[in-house]
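Only one chain is given next, in structure tokens, and it is the form predicted alone.
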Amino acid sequence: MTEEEVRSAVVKIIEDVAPDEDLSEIDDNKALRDQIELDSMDFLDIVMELRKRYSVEVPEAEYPELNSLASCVTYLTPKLKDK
């Protein structure tokens, strides 16, 4: 997957986990939790969806790597390059 495809995949997962949130004006460089209402369970749902849809394991110690959309793309692109 390209970086843009990874970004789109993450946005789709967030839309599925938090369907009432407007993601059209999301700032890729700001913390997701500062822009949309994601509680800890929503965040875990995002991690679980990454595993279910793309077989990507995100260890708990690496959760901070998923802080913003840009950091998600940076972290996930190498893991999804062959997907």
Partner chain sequence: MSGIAAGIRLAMFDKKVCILESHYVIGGLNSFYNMKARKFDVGLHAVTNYVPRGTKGAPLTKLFRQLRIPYEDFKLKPQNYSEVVFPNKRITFTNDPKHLEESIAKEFPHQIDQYIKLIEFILSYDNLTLDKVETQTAREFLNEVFTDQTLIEMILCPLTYYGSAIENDMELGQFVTMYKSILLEGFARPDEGVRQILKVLKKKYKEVGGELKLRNGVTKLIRKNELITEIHTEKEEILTADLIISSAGYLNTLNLIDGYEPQTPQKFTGMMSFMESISCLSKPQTDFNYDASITFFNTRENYLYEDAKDFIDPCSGVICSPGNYQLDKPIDEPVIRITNIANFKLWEDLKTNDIDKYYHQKEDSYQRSLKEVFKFKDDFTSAVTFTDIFTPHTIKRYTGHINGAVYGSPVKTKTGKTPFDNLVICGTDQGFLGIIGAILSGISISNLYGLVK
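Positions refer to the first chain, counted from 1. These figures come from a predicted structure and were not determined experimentally.
Missing here is the form predicted in complex with its partner chain; even so, the following discussion is about that form.
- If you check its partner chain in the predicted bound form, you find no heavy atom from any of R7, E25 and D34 within 4.5 Å.
- None of the heavy atoms of E65 is located within 4.5 Å of its partner chain in the predicted bound form.
- Looking at V56, you'd find every heavy atom of it more than 4.5 angstroms from its partner chain in the predicted bound form.
- By the criterion of a heavy atom within 4.5 Å, V11 is excluded from the residues contacting its partner chain in the predicted bound form.
- Taking the partner from the other structure, its partner chain in the predicted bound form has no heavy atom within 4.5 Å of any heavy atom of A70.
- Although its partner chain is not shown here, in the predicted bound form the stretch 38-53 places heavy atoms of L38, D39, M41, D42, L44, D45, M48, E49, R51, K52 within 4.5 Å of it, in sequence order.
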